[in-house]
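Next comes just one chain, in structure tokens: the form predicted on its own.
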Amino acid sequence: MKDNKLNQLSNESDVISPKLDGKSTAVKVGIDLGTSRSAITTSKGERMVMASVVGWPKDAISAKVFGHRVLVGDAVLENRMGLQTCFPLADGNLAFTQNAGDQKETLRKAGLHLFTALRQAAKAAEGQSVHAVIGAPAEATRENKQAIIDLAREAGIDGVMVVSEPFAVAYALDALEDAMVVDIGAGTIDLCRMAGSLPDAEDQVTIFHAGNHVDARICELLREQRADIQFSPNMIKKAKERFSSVVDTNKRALVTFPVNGRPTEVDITDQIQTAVGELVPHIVDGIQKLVSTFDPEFQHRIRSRVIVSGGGSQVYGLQEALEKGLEDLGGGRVMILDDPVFAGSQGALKLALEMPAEYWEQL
């Protein structure tokens, strides 16, 4: 059964075959390519998560300070005042595939630097091949999938397969039938129903109202109430990740922001709860779409096994809010993953490991 699934996957997924020279066993890696953060898990036991951002020194002085031409990951956020920053992904897709303006080449180079950093994180020995399964949004365009393959190969990744992020999570959990995966990221929320076979386009939904939209909404609500507060999007993002909730709690979101340069404690509980709460109806609508278009005899099965992953899954009270939203569909059960950061990359690695060598060679 497993061989049949792998055979179907190898025939239908976006794959570029590696050049196998027989000198060494390839390092297998799983990559969860995210708009905000990307995670990688390798067959050598390495796990790493990095910010999906690239930075170039602004001038000769900043180049002297940093000692590098290009920075990738969290170091960019920590030193962004001296850098020109670039996020190579937007709404889960490589941004240059959607941008035909002057920034197109800069965005493409930033994407290449991100893939190069991920390739280096695999810690392959000299001359050792790297085979990667990469998770992309459920409804990523064919052009974007091809761009992922091309940049990964250019960065030195020898074998590349692209699968949807929620499918990678399902593969990690062996939840390949009678389940639905909801992956909540920064750029997109991806939903995928699993029915014992490789999911088709009609089995998947992508919602573009995700974590970044929540950040922007918090900023908007905060400015409406306190125009004197000074904050950056990154400060709002950190506060959201710390205090996110869709239910009333005794814990208040007390954050220190400058007001005319003076540190001031501000209560932003209501703004965070309002903005985060707006995600719930979008997710429920996505679940309803996938349930209502499924075989009516089996709809109750996928409603009873909704698996939520991704950074946004850690919102306090989300499980109860989604189950309440599913009551109009006849009810449902929701499970929140304990390890949402690496679930996608772990599933992608599992798929890479279980893909027989002859498939990598022949595809």
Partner chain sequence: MSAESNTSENDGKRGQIRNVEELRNKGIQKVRVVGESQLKEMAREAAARAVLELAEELKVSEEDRRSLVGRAQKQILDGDPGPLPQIIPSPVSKPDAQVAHLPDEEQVEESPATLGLQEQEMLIQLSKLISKDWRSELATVRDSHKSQVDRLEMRIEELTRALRVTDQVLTKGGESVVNPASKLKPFDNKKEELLDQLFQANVALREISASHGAGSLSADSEEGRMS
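Keep in mind it's a predicted model, so treat the numbers as computed, not measured. Numbering follows the first chain given and starts at 1.
Below, we refer to the form predicted together with the partner chain, which is not included among the displayed structures.
The candidate spot formed by 82, 228 and 288 is out of contact with the partner chain in the predicted bound form: none of the three has a heavy atom within 4.5 Å. This chain is displayed alone, yet in the predicted bound form one of 274, 120, 264, 249 has a heavy atom within 4.5 Å of the partner chain; that residue is 249.
With the partner removed from view, the residue among 98, 128, 256, 293 that has a non-hydrogen atom within 4.5 Å of the partner chain in the predicted bound form turns out to be 98.
Across the options 320-328, 42-50, 25-33, 59-67, residues that bring heavy atoms within 4.5 Å of the partner chain in the predicted bound form belong to 320-328. Within 4.5 Å of some heavy atom of the partner chain in the predicted bound form lies at least one heavy atom of residue 305. In the predicted bound form, the partner chain sits within 4.5 Å of a heavy atom belonging to residue 171. Using a 4.5 angstroms threshold between heavy atoms, residue 167 counts as touching the partner chain in the predicted bound form.
None of the heavy atoms of residue 239 is located within 4.5 Å of the partner chain in the predicted bound form.
Applying a 4.5 Å heavy atom cutoff to the partner chain in the predicted bound form picks out 196, 197, 198, 208, 212, 213 from 195-232, in order along the sequence.
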